[in-house]
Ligand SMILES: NC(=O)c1ccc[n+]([C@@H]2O[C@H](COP(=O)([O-])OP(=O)(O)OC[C@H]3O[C@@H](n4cnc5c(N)ncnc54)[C@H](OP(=O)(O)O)[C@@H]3O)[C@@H](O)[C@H]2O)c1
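To begin, one chain is listed below as C-alpha cells, in the form predicted on its own.
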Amino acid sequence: MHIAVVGGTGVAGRAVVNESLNRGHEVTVQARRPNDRIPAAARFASVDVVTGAGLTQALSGVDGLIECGNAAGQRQGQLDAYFRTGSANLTAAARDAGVARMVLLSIVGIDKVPMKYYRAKLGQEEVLRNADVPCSVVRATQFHQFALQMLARMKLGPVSVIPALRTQPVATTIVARTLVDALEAQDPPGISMIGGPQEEYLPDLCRRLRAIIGGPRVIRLPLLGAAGRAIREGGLLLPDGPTGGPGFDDWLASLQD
C-alpha cells in the first residue's frame, strides 16, 4: 500500500512513518517543510493543506492517507483555517486522486472538554467523517512528549506554569500502530480510542522530566471554568480505563539511554 502521512514530520507523524515502513508500505511524508528526521526510505512532498498547494500532485497514486497534521498557531482563525478549510481541501484532493480510505489522529475528550482547540478538532472530525472518502478516527490521549512540550511552551522566566491536567500519557509507537491498523483493517472502525497504561498528573510529569533534563521550576496552574471542571472529572481520560503500552517512566528511562 502507498500511504501518505500528512504531518509526517511531527511527533506522531514520524512514528506513523516508521511503523508504515516497518510493515513494508510505500510512504510519502507530506508537510510544509522537510526536516532531517525523514527516513531515507520515505519520499517527501511539500504540501500546504490550508491553501491546497501541492495536494493534488502529492496524492497521486496514494492508496491510503493518515492525517497527523496540526495548525500553525493557536488563534481561532489559524485553528479554523487548518482544521476546517485544510481538511476540506485535503478530502477533496483525496477524492479526486482516488485515495481509498483515510484515518485521522484526534484527541480523547474533545467532545467533553469545552476548549477552543478541541472544538476546532471536533470540526475537523466532522469534515473528514462526512467526506466522500471513507475515514476512521482514532482518538488518543496526550503523548509522553506532551510534558516536554509544555515545559517549553509554558516557560515564564525562571518557571514553567503547568496546567493541572489529569492525563493518561501514551507512547507514540502505540498510537502509530493503532493508526496503521485502522488503515489496513478490512472492516475499518468509525471512532476508536487509545490511551496509556495509567492516569498521571501533568505537573508531576513535568517535575519528573525536569529532574532529568533540567529547566525551569514547575508551578501548578489551576484550571477554572467549565473546561477545568470537565478535566477534573476525567474528561481527558479513557472512559473505559487504560489501554496499555509503555508508561511515562519507561519513556523517561529511554531519554537516558
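Note that residue numbering follows the sequence shown and begins at 1. Since we're looking at a predicted model, the values are computed, not measured.
Not pictured, yet referred to below: the form predicted together with this ligand.
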Heavy atom within 4.5 Å of this ligand in the model of the complex: which of A93, I107, I174, A120 fits that? Just give me the one. I107
Quick one: is L21 in contact with this ligand in the model of the complex, heavy atoms, 4.5 Å cut-off? no
With heavy atoms only and a cut-off of 4.5 Å, decide whether G69 touches this ligand in the model of the complex. yes
Would you please decide whether S87 lies within 4.5 angstroms of this ligand in the model of the complex, comparing each non-hydrogen atom pair? no
Please check if L128 has a heavy atom lying within 4.5 Å of any heavy atom of this ligand in the model of the complex. no
This ligand isn't shown here, but in the model of the complex, which of 185-193, 43-51, 212-220, 57-65 has heavy atoms within 4.5 Å of it? 43-51
For the spot marked by I3, V27 and P134, is every residue within 4.5 Å of this ligand in the model of the complex through some heavy atom? no
Residues from 133-162 in contact with this ligand (non-hydrogen atom within 4.5 Å) in the model of the complex: A140, T141, Q142, F143, F146, Q149
